[in-house]
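One chain follows as structure tokens, the form predicted alone.
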Amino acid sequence: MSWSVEDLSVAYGRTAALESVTVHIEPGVVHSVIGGDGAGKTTLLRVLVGLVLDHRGGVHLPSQDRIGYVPSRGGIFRDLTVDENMAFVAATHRLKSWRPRASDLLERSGIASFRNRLAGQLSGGQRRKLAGSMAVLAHPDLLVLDEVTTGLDPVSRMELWRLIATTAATGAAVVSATTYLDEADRAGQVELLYDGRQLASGSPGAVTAAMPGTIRDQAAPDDPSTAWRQGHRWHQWHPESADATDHQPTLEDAAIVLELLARKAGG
């Protein structure tokens, strides 16, 4: 069964956090939500897990006990040990014979050797991996992750993504907000938000292919207002160009161009 939000709008007072956003969430697929600060990513995810009830539009989601959630901060009980955190989740969901799965999740997350340590004494990366393990322990139908890999070292990011990919492979729908475009490029579906609006939706390849104009890799920009750094070089967007020999754009290039267009349209 698939899940969805359709024509979803959320406002905080007079400020629109989301405007007419539609997302179809398929089982077995990782959906990445990307966009800058204030784009609406966290608001969308909070709607998906039932934390924002004051909204307009259609919402079709699993029951609350079938949703796993890792917020951008927290998601663990710092004064409980790693094992006690897992046991708390098992008791909440009334799971039976859960210990072998918990042990497997902790092993795959690389934190099994810390199972008797208080969660508050774990490193930041270890706490995120514990929160992820807790979120998937009950085999959720929908797993919602709010920037779970932000600030983590490359190995911790890899271990968390292995856990996420395994969860999707077993049939869960995964919605993950991320600031890392290389992670979004591995997703099956991408939702690009800007200022509460949905600029693009589709596979990473489809979003990239829909970008107008071309990108050129240059030593220096022709127009700094439509260029951005890539290492020691620059990517320059040429809106009117259709030269097939130009630099092959990436998802990051496409996201930047679509945001530039949205800013221009907004005045």
Partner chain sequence: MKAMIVKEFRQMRRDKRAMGLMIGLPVMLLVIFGYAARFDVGQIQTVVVGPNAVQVSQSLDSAYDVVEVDETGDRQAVERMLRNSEVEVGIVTGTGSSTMLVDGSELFVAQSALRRIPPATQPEVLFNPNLDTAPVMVPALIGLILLFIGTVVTSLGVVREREQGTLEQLAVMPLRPVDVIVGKIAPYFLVALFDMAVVTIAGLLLFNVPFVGSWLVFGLFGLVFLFVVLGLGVAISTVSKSQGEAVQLAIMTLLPQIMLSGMIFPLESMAAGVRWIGYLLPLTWFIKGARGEFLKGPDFSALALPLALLTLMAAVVFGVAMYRFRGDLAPKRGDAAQEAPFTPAASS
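Positions refer to the first chain, counted from 1. On a predicted model such as this, the values are computed, not experimentally measured, just so you know.
Omitted here: the form predicted in complex with the partner chain. The next part is about that form.
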Margin query: Between G57, G38, P27, P221, only one gets a heavy atom within 4.5 angstroms of the partner chain in the model of the complex; which residue is that?
Written below: G57
Next item on the list: Counting non-hydrogen atoms within 4.5 angstroms of the partner chain in the model of the complex, say which of P140, G75, G196, G125 makes the cut.
Entry: G75
Next item on the list: Indicate whether H238 is a 4.5 Å heavy atom neighbour of the partner chain in the model of the complex.
Entry: no
Note to self: Test of understanding: in the model of the complex, would S9 fall inside 4.5 Å of the partner chain by heavy atoms?
What the structure shows: yes
Checklist line | P71 within 4.5 Å of the partner chain in the model of the complex, heavy atoms | finding: yes
Margin query: Is it the case that G205, even though its partner is missing from this view, gets within 4.5 Å of the partner chain in the model of the complex, heavy atoms only?
Written below: no
Next item on the list: Please state whether every one of the three residues V52, F88 and T92 places a non-hydrogen atom within 4.5 angstroms of the partner chain in the model of the complex.
Entry: yes
Check: In terms of non-hydrogen atoms within 4.5 angstroms, which of the given stretches 59-67, 228-236, 29-37, 212-220 touches the partner chain in the model of the complex?
Finding: 59-67
